[in-house]
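We give structure tokens for two forms of one protein chain below, kept apart as structure 1 and structure 2.
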Structure 1
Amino acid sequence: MEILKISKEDFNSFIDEKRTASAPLEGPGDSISGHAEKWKTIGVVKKGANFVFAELNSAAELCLDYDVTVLPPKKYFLPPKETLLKFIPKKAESYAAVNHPGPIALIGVHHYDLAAIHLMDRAFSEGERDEHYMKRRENSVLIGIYPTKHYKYRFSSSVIRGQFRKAADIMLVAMNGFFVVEILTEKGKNYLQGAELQENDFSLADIEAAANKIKDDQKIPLPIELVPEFLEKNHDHSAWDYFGGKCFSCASCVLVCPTCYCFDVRDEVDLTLEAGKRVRTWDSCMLEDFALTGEGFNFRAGRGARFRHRIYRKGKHLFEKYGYFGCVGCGRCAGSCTAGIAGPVKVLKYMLEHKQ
């Protein structure tokens, strides 16, 4: 839509104002109760030696010059644990949906995490629309930023294209004490009302160069378009035994993945036994009982088969279904894997080097 700029100080004071402001009625907000709510402002902050997405107490905490966050921002739309329904135990008449997310702004989301959110948007809106996820998304403003720091496991350039712009409301490019602000949606424009935006005087070429300043060390060893067929032909590749033999089935790779959205649903009852809730929690296809039925049939009992399923889901199934590669190349799985084997780059390289 339009390209402007803002000084980093002005950006921070604007965010601090916004943190205590009410969200507009017509935009994000609680349309059921009809009154505006305060923005919940989330940003990237430093935590020990790492970076995380967390609620800001002050814009001064923002660390937008970061390599990668421990967890992707997915947790704000598909929380690790969320209440879907409330009920009184044993009384089916009492089931009531719980779904009133407040307005939320996320600041400093890297482009690969935005691409992942776009993929999740597709998954939760298609077919039976999942209002728990979708309402959170509708009540959110996503302010993206192009990475300014290197991360050794990142390979996003080889797996994502421009789809991240479909999730972002605003994209920032860090330049000499300023952010170049690209406003992509009406929602983004509304959010920035009142900010000290200035006319942009950086050349498009300089902006482009700054946005693409950080080059990945790693890349997927074949064009993504060829990956589905390559996987299809290699269902019985020795890689699955090899990696299955090393995998601890700890599910770290899935926990940190921005495009993993499989979930479990279960009931929890208060100690009083007078109230309960049906909760949704993150789940993982890498865990042994993920495909275990009540009668005891396990349809993916082997670790190699589970490892293969995760790679196929990213490289084939989601790609074929939504038109976007199911992995956005953040590298978190490679960085968090106990056995050092989870990264798709490593897996595909191994498969190419050990042809059957």
Structure 2
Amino acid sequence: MEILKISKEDFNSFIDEKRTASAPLEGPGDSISGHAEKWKTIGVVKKGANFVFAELNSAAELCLDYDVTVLPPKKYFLPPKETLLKFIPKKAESYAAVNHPGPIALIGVHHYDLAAIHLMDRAFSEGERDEHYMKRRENSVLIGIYPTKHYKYRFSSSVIRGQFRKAADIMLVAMNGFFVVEILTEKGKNYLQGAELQENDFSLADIEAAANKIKDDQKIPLPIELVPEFLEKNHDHSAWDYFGGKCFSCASCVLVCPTCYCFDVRDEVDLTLEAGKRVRTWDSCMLEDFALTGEGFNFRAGRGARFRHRIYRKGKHLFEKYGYFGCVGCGRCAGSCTAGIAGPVKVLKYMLEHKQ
């Protein structure tokens, strides 16, 4: 790891230059034209009273002093709707994958979203590798930044153990008119070529203090290592009926979650019957028909069962599979929940207060 610094003015100038620069893509044949493509530069911008990730028209739009974005950056690697392949009906030889991602740079990704991307990387690379997701990741540079504002629902320090650094290429620390730049990967180092980087003269203690100055407003009420066993013992807890009775099954919690990656795949055929495409769309375990079988049986028909499944997915199943808590503590689900019940903090507190 290399630690340097850059003034915020020079950083913005560099980003503007990078937006119009070309970048070689990973692997042979990734570019449709056969040449390097322009960087697609994504950053955090203000939208009304909220913040969102969006393509930058100018570095002046960048707003790195923010609390949380409405949606996580996973949408750039697993789009809400994407075409996987195109075909001509009844012509098997016509089936062709659609997978030509250009290079993108994501600027201003908080540590919890980076931790979520690391978990997604494992989910889509281990076992049956998902080429669409992985190709986008291979052609991306992730520039993270430590939070500079509070968010009342955040509890990331309860559940993150440094795994975010496995996804980040560069981490920024805001320091008195400068960004301290932690270069974590060779990809990050290459991206920064041409930037007006300076030798770092901030002390490591000052950098550490600035990186961790924003404390979480919430906390998981027990050590996360104990959560899987706790849930295992409370499969029939009254909490599931309690929260299920309040849940609207709107799936807002899943739509904003950075670690939810369930999807549906369907073939869409043109009305002319001369063209078709296979599309993948986000799906949600909180929706009533998610667990509906072809014969009409629904093995999670009740809202309580669906609510329990989501909590078990985050606190038990993903933990046991990957060794990381399946929730990164961003707090988006609690902030977006129409019933005011989402989030493992509230659920676990209720279960501990109503022991059975």
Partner chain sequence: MDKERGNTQKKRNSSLYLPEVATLINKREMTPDDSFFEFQLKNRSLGHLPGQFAEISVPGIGEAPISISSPPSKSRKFEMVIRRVGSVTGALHALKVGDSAGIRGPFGAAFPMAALKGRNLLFISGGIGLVPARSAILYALEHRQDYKDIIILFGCREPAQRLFTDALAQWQKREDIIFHESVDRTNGAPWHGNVGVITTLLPKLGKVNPVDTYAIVVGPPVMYKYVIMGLHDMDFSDDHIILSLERRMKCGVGKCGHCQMNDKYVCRDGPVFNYDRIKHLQEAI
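All residue numbers here follow the sequence of structure 1, with the first residue given the number 1. Just so we're on the same page, rigid core means the largest C-alpha set that superposes within 1.5 Å between forms. Here the structure is a predicted model, which means the values were calculated and not measured.
S.K.: Pick one: which structure is the form predicted alone?
M.R.: Answer is structure 2, the other one does not fit.
S.K.: Residue 97: CA shift of at least 2 Å between the two structures after core fit?
M.R.: No, the C-alpha position differs by under 2 Å between the two structures.
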